[in-house]
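One chain is shown next in structure tokens, namely the form predicted on its own.
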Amino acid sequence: MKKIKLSIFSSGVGSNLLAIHKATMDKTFPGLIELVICNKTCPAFELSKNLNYETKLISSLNSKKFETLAHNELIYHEIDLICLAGFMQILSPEFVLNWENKILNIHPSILPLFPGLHTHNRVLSKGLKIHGSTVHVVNDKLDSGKILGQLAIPVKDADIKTMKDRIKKYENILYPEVIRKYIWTFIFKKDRVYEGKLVSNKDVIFSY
């Protein structure tokens, strides 16, 4: 089957990178990781190298220079879709326009609530009982692009690390499945019955 070329942008531990990698091992997954770009030395950078992916470290403090170098790499590797995975750098409107509808992001809140940073602290400070994550298309405004999928979990305690770990566990399920659906629906434009693998239980609700 036809498979598109993915690039993963990461600045973090690489759990979503690993989840996407595992998803691509499924012969029915319509994409392959072709390139990983990190903007700093991080666990995701080492993970990518260990997985034998083409891995680029572009650590320029100048965001314009980073974007120029990243853009050139993306063109060279003929990338079809960029997936931000714990990527802690805001991309400029110019970069996003060049890759319009070809950049996805996973954000740790139920958007449109709490765009930006420190979402877990903000959820707890507001006393909310539900928290989650959102996969969305990246546009020229922070965390405001078309929502493609979300998960929601109950807030059980005030331990931020515990809550982050619970959300991350389910993000690693949600993100690859939303990527799969996005490729079929918006890139291949296939009118087909989508057979997802998400399983909801009493601790999480998926919508995508």
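Being a predicted model, the structure only gives us computed values, none of them experimental. When you see a residue number, it is the position in the sequence shown, counting from 1.
The form predicted in complex with a small molecule is left out here; the points below concern that form.
- At a distance threshold of 4.5 angstroms between non-hydrogen atoms, residue 15 is in contact with the small molecule in the predicted complex.
- Contact between residue 83 and the small molecule in the predicted complex is not found at the 4.5 Å heavy atom cutoff.
- Contact annotation: residue 168 falls within 4.5 Å of the small molecule in the predicted complex, judged by heavy atom distances.
- Of the heavy atoms in residue 113, none are within 4.5 Å of the small molecule in the predicted complex.
- Judged by heavy atoms within 4.5 Å of the small molecule in the predicted complex, the contact stretch among the candidates 168-176, 54-62, 24-32, 146-154 is 168-176.
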